[in-house]
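Single chain ahead, written as structure tokens, the form predicted alone.
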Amino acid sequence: MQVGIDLFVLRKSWLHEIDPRVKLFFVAVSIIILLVFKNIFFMLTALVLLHLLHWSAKIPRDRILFVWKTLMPVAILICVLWVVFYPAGDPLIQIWMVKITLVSLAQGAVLGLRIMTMAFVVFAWLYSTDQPSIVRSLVKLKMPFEWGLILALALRYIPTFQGMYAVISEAQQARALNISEGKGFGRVRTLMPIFVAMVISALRASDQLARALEARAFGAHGVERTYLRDISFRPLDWVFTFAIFATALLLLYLNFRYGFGRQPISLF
């Protein structure tokens, strides 16, 4: 099993060719809009549009399913907790002290859909932008190079360690380790061989990374940094930036002026 997993998906699509700063602007604007709007129909529409965005960018289906499988339990839990602890309106069903209302169901669904929609916005950026372009875009936005490198390394090694965990887990199970037995601390004790191997692998990877950065004179003073591939705005990037900005302004104006998307069930 391959350990070198990367969030970036190499494809030839219009989304991959957009400047990373435009995609980062899209992520920031989308998150602001999703936090302002509180309507279930708006969230469903945004979620469908984001799936079309991923499809048009030729993102594999397994990557989209990965987002659903990872965040669906969190979204469902948030929805259930909201329905149970924040009832509003006339109850549809009442079980002892728990009141289930139409408004609370809609509000809980909005929160769950908001988590999923924000995730697809962020992953649209990560799936279509490689790590060097992310670092270069952040440096272009006046962020210190070290900060951008830390973010890129985190995005790079989180899925790598996830794949490493799967490899170590399969290896230990091949050595007759039963990871399904035990509960609580007993299960932690059962998984301890995997945890120890993960810590050793993480230390080894960090040492190799430190040596690689040192060999490339990372942190050296008085040295001008060069880049193999630079990024620059094209006319099409300006068009996308203006379109994102205009759409955001229109949606926010409709929300603050006419109450569009404020109610959980009705748009106005």
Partner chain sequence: MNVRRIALMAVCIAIVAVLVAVVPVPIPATGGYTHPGAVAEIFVSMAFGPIVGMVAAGIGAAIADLVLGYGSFAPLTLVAHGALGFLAGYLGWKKGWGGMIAGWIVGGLALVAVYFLGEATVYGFGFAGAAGELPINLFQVGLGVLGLLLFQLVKKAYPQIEQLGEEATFKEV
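Positions refer to the first chain, counted from 1. If you're wondering where the values come from, they're calculated on a predicted model, not measured in any experiment. Basically, rigid core = biggest C-alpha set you can superpose within 1.5 Å across the two forms.
This next part talks about the form predicted in complex with the partner chain, which is not shown.
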item: Close approach of Arg114 to the partner chain in the predicted complex, 4.5 Å, heavy atom; value: yes
item: Contact label in the predicted complex: Leu35 to the partner chain, heavy atom within 4.5 Å; value: yes
item: 4.5 angstroms heavy atom contact with the partner chain in the predicted complex for Arg204; value: yes
item: Non-hydrogen atom contact Gln162 with the partner chain in the predicted complex at 4.5 angstroms; value: yes
item: Proximity to the partner chain in the predicted complex, single hit among Leu49, Ala210, Leu236, Ala28 (heavy atom within 4.5 Å); value: Ala210
item: Complete contact of Phe123, Leu126 and Val188 with the partner chain in the predicted complex (any heavy atom, 4.5 Å); value: yes
item: Contacts with the partner chain in the predicted complex, stretch 128 to 155 (heavy atom within 4.5 Å); value: Glu146, Trp147, Leu149, Ile150, Leu151, Leu153, Ala154, Leu155
item: Is_shifted Gly112 between this form and the one not shown (CA, 2 Å cut-off, rigid core); value: no
item: Exceeds or equals 2 Å, Cα of Pro159 between this form and the one not shown, core fit; value: yes
item: Leu141 C-alpha shift between this form and the one not shown of 2 Å or more, rigid core reference; value: no
